[in-house]
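First, one chain by itself in structure tokens, the form predicted alone.
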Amino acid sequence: MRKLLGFLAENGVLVALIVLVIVCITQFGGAFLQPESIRNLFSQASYIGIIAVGMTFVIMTAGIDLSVGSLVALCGAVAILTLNKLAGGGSSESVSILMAALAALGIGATAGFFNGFVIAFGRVAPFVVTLAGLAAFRSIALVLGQGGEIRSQVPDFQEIGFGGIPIPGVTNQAGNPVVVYWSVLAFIGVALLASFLLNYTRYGRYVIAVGANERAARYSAIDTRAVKVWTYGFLGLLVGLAAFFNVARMNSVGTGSVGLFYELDAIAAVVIGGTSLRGGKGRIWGTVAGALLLTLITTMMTWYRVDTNWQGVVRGVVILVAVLLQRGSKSNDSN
């Protein structure tokens, strides 16, 4: 029993993902296996997945960030306002889109560094700082959008959301090539970069050390405050990236609705993927699998026509099971 709990705690997300894929193939057959269906599954997971990768580092330092959903709205609003301003001022569409992307990344990174600075140097609990950000960032976005939606005035902007690289030899039922969206490629690239940072760099070792025992890390001459600031800044940068692709796909940003509950989904993906909420332990591939698992569960509930009011209950149960498996594994390890 102990070995089984330990195995599930370490590999449960992968086992669950495989089981659900088999269920989908059995229940929905060809519809699930269509290249477009698989592509869309990865596309829906990419926005939360990009944020969840950054959240993995934050949680590994024994921190948390509740502001990412509101920050998505703020980054998206700034991106489209920048886009419209430059395009209306005579700049080319490509330059306007590039500057909009830089604006989203800049706002995200700035907000992340601010959170990290207050947490590290102000010695304020991450929960409190990012809870304040949850309220403040959304409010600023609402002010910028005058409480409503901001639409892009650049026709080519939506191509960022639906464009990508064609898969050689793969077409849909209409005979058109199936493309891998830019957001999916960004998700893959971010995951590979994060895995390299965590496993093969000094920064990754410092993140683990800070989360495992911050006092011991300080005694080992690790600048724990700098690690925290850079970690929250990295997460903010990834939030800006996810926000840019998100609003490009919608060609607009609803300042009161976009990014709602993204913080919960990102944290859920990280926890389901095996990262400890106590810090010091985490896996990027587990977070990627967690994001895919959550997206697949949502897709299955839609196909089974489960009332949307009940979908949150299912997600809550999944998160609780993941945390209980972690606790069960630690309890057995200590015996």
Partner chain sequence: MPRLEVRDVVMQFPAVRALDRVSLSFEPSEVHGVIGENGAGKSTLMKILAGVQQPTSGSVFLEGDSVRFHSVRDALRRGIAMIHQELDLVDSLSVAENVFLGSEPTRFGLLNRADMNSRTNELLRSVGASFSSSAAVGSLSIAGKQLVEIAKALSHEARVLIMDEPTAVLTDQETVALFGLIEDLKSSGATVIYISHRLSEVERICDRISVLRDGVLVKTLGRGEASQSQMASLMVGRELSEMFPSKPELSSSEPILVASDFKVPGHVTNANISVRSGEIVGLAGLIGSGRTEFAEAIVGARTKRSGETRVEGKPVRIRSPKDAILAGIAYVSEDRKGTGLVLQMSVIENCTLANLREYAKPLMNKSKERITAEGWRRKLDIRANNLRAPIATLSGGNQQKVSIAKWLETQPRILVLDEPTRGVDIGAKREIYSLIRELAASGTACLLISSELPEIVGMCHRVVVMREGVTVGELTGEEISEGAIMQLAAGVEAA
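Residue numbers count along the first chain shown, from 1. Note that this is a predicted model, so its numbers are computed, not measured.
Here the subject shifts to the form predicted together with the partner chain, a form of this protein not shown in this document.
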With heavy atoms only and a cut-off of 4.5 Å, decide whether residue 218 touches the partner chain in the model of the complex. yes
Can you check whether residue 223 is within 4.5 Å of the partner chain in the model of the complex, heavy atom basis? yes
I'd like to check something about residue 206: if you look in the model of the complex, is any of its heavy atoms closer than or equal to 4.5 Å to a heavy atom of the partner chain? yes
May I ask you to check whether residue 171 falls inside a 4.5 Å heavy atom distance of the partner chain in the model of the complex? no
Option touching the partner chain, based on a heavy atom within 4.5 Å in the model of the complex, out of 146, 201, 257, 94: 201
Work out which of 121, 196, 127, 261 lies within 4.5 Å of the partner chain in the model of the complex, going by heavy atoms. 196
Given a 4.5 Å cut-off on heavy atoms, tell me which of 74-82, 232-240, 207-215, 130-138 is the interface stretch with the partner chain in the model of the complex. 207-215
